[in-house]
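In the block that follows, a single chain appears as structure tokens, in the form predicted alone.
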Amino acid sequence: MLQRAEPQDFERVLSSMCTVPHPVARQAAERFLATNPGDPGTYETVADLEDAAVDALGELTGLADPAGYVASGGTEANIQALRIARNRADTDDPNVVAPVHAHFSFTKAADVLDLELRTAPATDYRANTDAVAELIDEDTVCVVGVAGSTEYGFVDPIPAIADLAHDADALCHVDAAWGGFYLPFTDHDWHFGHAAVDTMTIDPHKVGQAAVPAGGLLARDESLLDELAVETPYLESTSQLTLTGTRSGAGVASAVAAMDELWPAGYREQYDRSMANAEWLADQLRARGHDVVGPELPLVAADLSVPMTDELRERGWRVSKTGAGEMRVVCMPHVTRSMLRSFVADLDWY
């Protein structure tokens, strides 16, 4: 079966937040495939590369002296951020407050960590801070903001959310898993330099064009990561703070390679192209009578009918829908204007 199997190509993939790895990232992943950053005492080279990856992510996110590591993806990073918040808090009944559009990984995290997840409604696709404030109490350990929501690509008011968190002696976590590599080239206030953010998720394997798996967890201070550390008596290193134990160095090396190659000019060019493509598609859909949400970042949602979306999938387009039923198109680096013209032509055919 494997001899006949071919991996998914990206020629008609419009719904994924993963993309084709940059060639230098692919090469680096292959070189470091068999290394294990989970054992830094033995695999010293890839451990040094992980430090370089964290430093590069800190530069992207306004943090001069970042702490963190390369995770398997945004889900792991979000779980770990809530684990930090829970472990440092002095309560027997911890809760987390997040906007209703927070990624479903927070539901997983709450289940795994035995946390109550409270979700606040949105106004114009962004967290309603008055509603967030009403949900916070003395048992709140973390308040979450999203910088580039999965469904619509909108950015929450991060400084206001951070203020609410710290007024309650809770941590502020920002999920920028997808948006984090686009946002440096916008006017949004979203990162450590803009607000009192404590932890952040940002994934090189999304817009950063690293190979999967290469997520990222950042913390403002190393002491926050101490909440995650466990002893590792049979390894050359004495403790470990990651959720996974053995990890391939492929993600670490590819993240460093991609960021070295593309930051900042390459990522800026990609943002400009992706945003122009999203705006072009939004204009085309509006001209055909569809209600369109966005784009605030390079993601477009529109009210295409279920039969129309199903027909597009039958014609090979990989598209998905929001919770409210709109079709969503994510303008990732592999999405070109030519692809979008073909997509609109098939839409017109329907």
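Keep in mind the model is a prediction, meaning the values are calculated, not measured. Numbering starts at 1 and follows the sequence shown.
Separately, the form predicted together with a further copy of the same chain exists; it is not shown, and the next lines address it.
No residue of the trio 167, 265 and 303 has any heavy atom within 4.5 Å of a further copy of the same chain in the predicted complex.
Although the partner is absent here, residue 30 is a contact residue: one of its heavy atoms lies within 4.5 angstroms of a further copy of the same chain in the predicted complex. Using a 4.5 angstroms limit between non-hydrogen atoms, residue 157 is distant from a further copy of the same chain in the predicted complex.
Though the partner is left out of this view, residue 119 does not reach within 4.5 Å of a further copy of the same chain in the predicted complex, counting heavy atoms only. Contact annotation: residue 49 falls within 4.5 Å of a further copy of the same chain in the predicted complex, judged by heavy atom distances. The stretch that touches a further copy of the same chain in the predicted complex, counting heavy atoms within 4.5 Å, is 104-112, out of 265-273, 171-179, 191-199, 104-112. Taking a further copy of the same chain as it sits in the predicted complex, the stretch 58-79 comes within 4.5 angstroms of it through a non-hydrogen atom at 72, 75, 79.
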